[in-house]
Ligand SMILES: Nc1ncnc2c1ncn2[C@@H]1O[C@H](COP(=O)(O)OP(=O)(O)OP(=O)(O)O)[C@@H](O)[C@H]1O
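Below, in structure tokens: the form predicted on its own, a single chain.
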Amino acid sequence: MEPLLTTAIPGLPPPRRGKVREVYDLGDSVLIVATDRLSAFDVVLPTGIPDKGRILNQMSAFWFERLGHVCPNHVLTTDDDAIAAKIGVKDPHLAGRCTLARKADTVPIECVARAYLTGSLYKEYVRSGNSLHGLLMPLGLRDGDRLPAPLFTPATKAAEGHDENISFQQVVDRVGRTTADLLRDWTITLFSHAAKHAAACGLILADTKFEFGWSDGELIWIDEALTPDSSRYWEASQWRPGGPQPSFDKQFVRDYLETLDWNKQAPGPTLPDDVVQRTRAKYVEAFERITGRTFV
């Protein structure tokens, strides 16, 4: 079971390659292929996670369909046969990995929703005293505590390195009040619906990020949807505020990398098989619990 790290589809121009996804321009639409590449500390590692791309693509498809009533999205189809007919190629390596999507001009804002104090948000809270993005918070909150209400914490989209948190007013300055209000409202509404579903599956959705874009004059939801790569899922029964929580993502990879004498610069180190398999198992478990389907 070898991971798929890159693609080259006969008859199509070379794709635009991101950290995980490869995007082919089909003229009237785009083909998005989710590979098995894995990034950590903003470095794409040489070792992939088998089936990770298939899991991400199918989990996104689940959420785009489930939350389609909240706002329009970019999905045209994820059906392998329909996509094969569109591109004139049927490759078993691409099965389950592809989304045929509307073209869109990406809004240059990472739209992040957070319901728990963790990660960079906790660091901001400690550094500022008791405020987050200019909003006063209760004193004495711990790492992992639930916030009084979900927060919209936007950030700039960085081509490389870390995104930079910005205020809502800075979003308004960049995209205008009407679009900024819509980005915030959709982000919180999508998050709230997803968090409720996750809770019914015994999971906590601590935070997630969304991307939006303009397509034929319409603002739509694009990229990925509530996957372990873009979201922090915790086991609800193990939630213990006061420190980092076990999560359904790259935790095993990060934990392993922290034990190495590595400067967190490219090239990244090769991962041992046990770390790869444990990480894959977490992605599979997240998919199966969220979707209620067996991953095959």
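The first residue of the shown sequence is 1; numbering continues from there. Computed from a predicted model, the values in this text were never measured in an experiment.
FYI, the form predicted in complex with the named molecule isn't displayed, but the following is about it.
Proximity of residue 146 to the named molecule in the predicted complex falls outside the 4.5 Å heavy atom cutoff.
In the predicted complex, at least one heavy atom of residue 21 sits within 4.5 Å of the named molecule.
By the criterion of a heavy atom within 4.5 Å, residue 114 is excluded from the residues contacting the named molecule in the predicted complex. Although the partner is absent from this view, residue 124 stays clear of the named molecule in the predicted complex, with no non-hydrogen atom inside 4.5 angstroms. If you check the named molecule in the predicted complex, you find no heavy atom from any of 59, 232 and 293 within 4.5 Å.
The partner is absent here; in the predicted complex, the one residue of 193, 174, 86, 103 having a heavy atom within 4.5 Å of the named molecule is 103. Residue in contact with the named molecule in the predicted complex (any heavy atom within 4.5 Å), chosen from 271, 67, 32, 49: 32. Contact with the named molecule, judged by heavy atoms within 4.5 Å in the predicted complex, is confined among 199-207, 129-137, 95-103, 176-184 to 95-103.
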